[in-house]
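Encoded as structure tokens, the following chain is the form predicted on its own, with no partner shown.
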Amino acid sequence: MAATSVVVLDRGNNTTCTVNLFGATVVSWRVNNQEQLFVSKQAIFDGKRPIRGGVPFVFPQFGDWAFGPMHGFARIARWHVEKMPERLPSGDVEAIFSLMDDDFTRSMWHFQFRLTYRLILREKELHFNIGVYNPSKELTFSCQMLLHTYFKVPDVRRCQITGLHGCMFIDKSRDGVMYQDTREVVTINECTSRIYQNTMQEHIITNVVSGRKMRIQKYNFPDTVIWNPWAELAKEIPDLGDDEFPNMVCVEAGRIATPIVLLPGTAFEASQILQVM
């Protein structure tokens, strides 16, 4: 893709965030020059297929979709730059992106909508603020939304994830059966695809880049998806290297179990903050 399809937020001190306008996918977040996000070496940047890694934007559907591509169209649509990166008085850098219905989206989903996506790059934090608005005068729509964040880790088997204790989850790797997780911390040692419901507002992932911790704080995103394809499934994913699965963990804040319902003229807001501890 042309270089113009990328927007870079640069806070100085080798702290940057790179957004590909294809899907408004955050494809890099560096803190003091250390990359925090996983992007597959085999990721395809052809402007057609979703980018394998970073933070893909899932909307209006999570998972398989009868009317269009898996995980919806937002991650394969070209977004607009509403506001180019701008330094705030605090020294932080902000940029705003947007997506509206067009012929492409209406070919799958017959609703008017407007998404706004505001990113703020702080010294050790990345803030994601999302708004979805229904401009219709008469039609109500329902949708799901999720930030499919791929974290870069040295070895996923050594990571622990907090904030899931006692939560019910749908286990997609076991025919969608519902279970309760009684562990204080969640660890990953096999193919994992779980939709945890009513999770805590904060998760901490241990042993991310350089053995540090990553804090995820979320607002209006009651669900958390944990995903790692493990060896067997990784072989079936063409844009993921067979040996890359140990270096990634997806911890995805979203609204899945109870969809967002937007009456005409109403809006929904949600956010997440990632912080290197």
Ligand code: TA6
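Quantities reported herein were computed from a predicted structural model and do not represent experimental measurements. A residue's number is simply how far along the shown sequence it sits, counting from 1.
Keep in mind that the form predicted in complex with the ligand is not shown, yet the notes after this line are about it.
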**Asked** Honest question, do 123, 212 and 277 all end up within 4.5 Å of the ligand in the model of the complex by heavy atom distance?
**Response** no
**Prompt:** Pick from 38, 221, 62, 245: which has a non-hydrogen atom within 4.5 Å of the ligand in the model of the complex?
**Reply:** 62
**Fill in**
Partner-free chain; cross-checking the ligand in the model of the complex, the single residue of 193, 144, 134, 105 with a heavy atom within 4.5 Å is 193
**Message:** The chain here is shown without the ligand. Which stretch in 199 to 207, 67 to 75, 174 to 182, 95 to 103 comes within 4.5 angstroms of it in the model of the complex, by heavy atom distance?
**Reply:** 67 to 75
**Request:** Would you please decide whether residue 55 lies within 4.5 angstroms of the ligand in the model of the complex, comparing each non-hydrogen atom pair?
**Result:** no
**Message:** Within 4.5 Å, heavy atoms only: does residue 150 come near the ligand in the model of the complex?
**Reply:** yes
**Asked** Wondering, does residue 225 line up within 4.5 Å of the ligand in the model of the complex on heavy atoms?
**Response** yes
**Complete:** Near the ligand in the model of the complex, with a heavy atom at 4.5 Å or closer, the residues from 241 to 275 are 252
